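The chain below stands alone, shown as C-alpha cells; this is the form predicted on its own.
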C-alpha cells in the first residue's frame, strides 16, 4: 500500500475532533478525556489524527513541502493508534494506516530524523534497536541451561526481544518468565545470540524496508527450525509477529502468543497454581501494541461500489481495537491471592499511551516522559500502590518518569507478580 491508496479514507475526515478524545459514551467524567498524546501536548490541530490525514492529502496534491515544522509533526507521534479507534467508534475510515504511509513516504524521500537513523543503523549492523548495547543478546540466560531452538528442536520459542535482552534492569522479567514456564513443564527454547529484532519498531518509525527484511529473515529461521509457536513478553514484538507479519503475508501458520495469554492458559489448565498471597493494590496499564493494536489483522479483497455512500463488495470489516489482548493479563492478576486490581478511567482500546512508541522515546525524550507522567498521575488517582503493565518499553518509560517526578508508585510486569505468587 501507499499513501495514495488511502486518499478516499483521508477525504472522509469531517474535522470533527473525535480523534482527540475518548468517545463521549465511554467517558467516565470530565477528566481525563484526552486520548491522543500528540495533540494534548502540542495543542495544535496538525498534531491530531485528523490534522495528519489532512496534511497527507495536501502532500499528495503537492500543496506542501517538507519543512522543519512539518517533520516535527510527522515524528512527534507515538503511533499508538488511539486516534484511529476513537474515530472508528463512529466512522468507517482508516486513520492510522495513512499516518504510517505518510511517515514511510518521508523516510523514502530522505526526510528522516537523525535520532531514528541511529537506531536503524544499529538494527542493520547489530540486529538490535538498542544502540550502544554492551551485553550479549543471550547473556541474560547465562546459567539457566535453556534450549537453543536453532540447534535443539522445540515447537515453542520464547522470544525475549531487544530491550529485555540488552537492558540488565529487564533481565529479572525474562528470568521470571523462564521460571514460570519451567514450573508449568513447558518444553521451550530461546534464540540466544541467534535471536534477532522483530522489526516492529522500525515499521513504526517509517523504515518499512528494514522491517520487511527483519520479518523475512525471522520467518525463514522459524520455518527452518520447525517453530510452531512464538511466545513473547514484549508488546511491540507481539504486534509485529501477529499483526504486521500477517499484514505483509509473512506470518503463515505461526501461532503468536503474548506471555500473559500463555500464562493465563497455563493457570486455567492447572499447570500453574498461584497460592502465595501478594497483598497489594495495583492498577493495570494496557500497552498500545498489545491492546488496541494487538487484535488479529483482517484481510480483505474486494472492490468499492461507486456512489454517494462508501460501500464495499464484499462488506469491509475494519480493525477497531475491540479484540486486543485485554482480559488475559487481568485474569492473571485476578488469579493472584491478596492482589486487588483497580482500574483507571482510560483502559483497553481507549488507554492512554506510555509514551515510548513510534520512535518518540529516542527522538524526543521530553515528550515521551511527559506522556508517561500523564499516565502516572492517572494511576495514582486510583489509590493503587503499583502500576502493572505487560511490556518492557512501558515499564522502562514509567520507571524513568517516576524517578524524575518523584512519585512513590512502583512499576511491575505481570510476570513478576505471578512469580511472587508461585
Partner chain sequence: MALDKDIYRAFEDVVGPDNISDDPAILDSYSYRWGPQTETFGQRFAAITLPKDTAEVQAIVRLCNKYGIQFKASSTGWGSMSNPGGPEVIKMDLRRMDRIIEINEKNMYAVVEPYVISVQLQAELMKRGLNCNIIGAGGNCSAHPYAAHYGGGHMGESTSLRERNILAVEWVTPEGEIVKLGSLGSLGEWFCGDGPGPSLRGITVGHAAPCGGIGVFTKAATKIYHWAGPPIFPIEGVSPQYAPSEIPPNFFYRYYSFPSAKEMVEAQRRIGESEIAFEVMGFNIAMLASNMGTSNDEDYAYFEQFRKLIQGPGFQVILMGNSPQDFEYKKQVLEQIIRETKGESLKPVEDPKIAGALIWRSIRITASIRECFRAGGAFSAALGGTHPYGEEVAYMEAVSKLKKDLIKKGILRDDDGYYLTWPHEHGHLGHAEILIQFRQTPESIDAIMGFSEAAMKMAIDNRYGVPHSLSGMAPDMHDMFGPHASNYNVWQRRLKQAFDPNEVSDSSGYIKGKQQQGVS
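Because the structure is predicted, anything quoted here is derived from the model rather than measured. Positions refer to the first chain, counted from 1.
The same protein also has a form predicted in complex with its partner chain, omitted here; what follows describes it.
Colleague: So in the model of the complex, are 15, 39 and 350 all sitting within 4.5 Å of its partner chain, heavy atoms only?
Modeller: Result yes, every residue of the spot touches its partner chain.
Colleague: Heavy atom within 4.5 Å of its partner chain in the model of the complex: which of 226, 270, 145, 315 fits that? Just give me the one.
Modeller: Exactly one residue meets the criterion: 315.
Colleague: Within 4.5 Å, heavy atoms only, which of 55, 369, 384, 376 is in contact with its partner chain in the model of the complex?
Modeller: The option sitting close enough to the partner is 55.
Colleague: Have a look at 251-259, 322-330, 215-223, 125-133 and name the one stretch with heavy atoms inside 4.5 Å of its partner chain in the model of the complex.
Modeller: Answer to the contact question: 322-330.
Colleague: Would residue 307 show up as a contact with its partner chain in the model of the complex if we use heavy atoms at 4.5 Å?
Modeller: Although its partner chain is absent here, residue 307 would touch it in the model of the complex, with heavy atoms inside 4.5 Å.
Colleague: In the model of the complex, is there a heavy atom of its partner chain that lies within 4.5 Å of any heavy atom of residue 115, even though the partner is absent here?
Modeller: Taking the distances in the model of the complex, the answer for residue 115 is no, it never comes within 4.5 Å of its partner chain.
Colleague: Could you tell me if residue 21 has a non-hydrogen atom within 4.5 Å of its partner chain in the model of the complex?
Modeller: Yes, residue 21 sits close enough to its partner chain in the model of the complex that at least one of its heavy atoms falls within 4.5 Å.
Colleague: Any of the heavy atoms of residue 25 lying within 4.5 Å of its partner chain in the model of the complex?
Modeller: Yes, contact at 4.5 Å.
Colleague: Mind listing which residues of 44-70 have a heavy atom within 4.5 Å of its partner chain in the model of the complex?
Modeller: Residues within 4.5 Å: 44, 45, 46, 47, 51, 54, 55, 57, 58, 61, 63, 64, 67, 69, 70.
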